[in-house]
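First, one chain by itself: the form predicted alone, in structure tokens.
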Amino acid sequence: MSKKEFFPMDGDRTKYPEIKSDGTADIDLSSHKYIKLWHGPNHPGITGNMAVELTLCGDEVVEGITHVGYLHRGFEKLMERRKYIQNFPLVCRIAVPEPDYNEYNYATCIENLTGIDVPEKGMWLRTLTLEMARLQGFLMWIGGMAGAIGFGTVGQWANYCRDLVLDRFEELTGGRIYHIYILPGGVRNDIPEGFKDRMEKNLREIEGFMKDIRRAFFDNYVFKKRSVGVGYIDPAWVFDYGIVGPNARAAGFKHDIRKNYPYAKYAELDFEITTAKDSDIYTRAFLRFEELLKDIDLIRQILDKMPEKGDHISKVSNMMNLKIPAGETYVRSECTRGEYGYYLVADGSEYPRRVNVRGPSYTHGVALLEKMLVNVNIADVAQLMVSLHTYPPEIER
């Protein structure tokens, strides 16, 4: 930590505390030398309803502690008290902006234990919804990052583009946010007539806005000044802290579940994993921007390859009376934030014995964030948090 001196409010001259090798410091938080400040839980510069309890020495952070539980919580225990089919409206809330990954992982867990097959078209429709979820998730993230630094116009552009994707979700599933579209055996509805043309129109409009967003935001001197060289993630932390997704790929790790462990129809799609090396806030932001453009291309590939005819769901017995044989399974997918996993244990009854959700937010938003906040200027806290891309209900699940 810097040894520079500062003048506290009472005029006494003091110094920053010594930071030990494990990143901690022996500090007396009751001393007048330090002040506490709550960042959140309702703040435009955070990712959802969460808060960070900051201890400040002057304008630099000495300690940051994550606080969650202000929104949805306790999902895993709630799922043990509901029948399998009753959990689909519940799992959507674990990652509100991207509910489809929860639906996919949970439905696939049930299929693995029961042997239910998914028709070809149903699998393509699942892949479509997952890529649409990634696209609107990245658009929402760009809006959040822009808002955290004060680029309000860019945030409005990004959220308008997201609304275009939500229009297509509403047409396909009947819901804009919570879809409950992926079910055991396939998906709830077939693709509507004319959907492909309407989606293509939306994608072209989004691409036009992305050109403007790149010029106004990613090429902007102010954003670069606030993000280049700030919030560095050491590649040595990736395995120690369980860092995944764009946060790991920006540090040079070529890992994407869609490519390394293909699921749904990703093995039949043409794309490469994007990586970078600088591993700062700007690198993570621009890598997500590139992945957003890649998602647009993947949606086009999916719509071109999707068969026009075929069943979208298999015939399954009454799900309210479904009893899954005793066993356990783990299913993972690649959401906007990285590997998203579900571990399901069944005991042969009508209720899950145990469901464990492995969301990227738990490691990114607690262990990693709290480590990276030390010695950060208070003005950089918001963009650092957003650059790690966390969803609080995934933590307090």
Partner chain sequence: MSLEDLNKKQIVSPDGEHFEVDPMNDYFCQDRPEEVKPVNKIVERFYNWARSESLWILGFGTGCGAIEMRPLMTPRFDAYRFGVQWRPTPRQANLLIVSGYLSTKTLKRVIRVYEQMQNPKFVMGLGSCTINGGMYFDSYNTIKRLDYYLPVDVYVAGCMPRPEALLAGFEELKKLIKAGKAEGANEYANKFDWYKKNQKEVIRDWDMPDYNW
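Numbering follows the first chain given and starts at 1. Here the structure is a predicted model, which means the values were calculated and not measured.
The same protein also exists as the form predicted together with the partner chain; that form is not shown, yet it is the one meant from here on.
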I need to confirm a contact call. Of D163, D117, D234, D197, which residue comes within 4.5 Å of the partner chain in the model of the complex, counting heavy atoms only? D163
Counting any non-hydrogen atom inside 4.5 Å, which residue from K265, H72, K294, R258 sits next to the partner chain in the model of the complex? H72
If you check in the model of the complex, is K201 within 4.5 Å of the partner chain, heavy atoms only? no
Applying a 4.5 Å heavy atom distance criterion, does G144 contact the partner chain in the model of the complex? yes
So, V68 and the partner chain: in the model of the complex, are they within 4.5 Å at any heavy atom pair? yes
Proximity of R93 to the partner chain in the model of the complex, heavy atoms at 4.5 Å: yes
Which is the contacting stretch out of 177-185, 298-306, 126-134, 283-291, given heavy atoms within 4.5 Å of the partner chain in the model of the complex? 177-185
Taking only heavy atoms into account, state which residues of 79-99 are within 4.5 Å of the partner chain in the model of the complex, ordered by sequence. R81, R82, P89, L90, R93, V96, P97
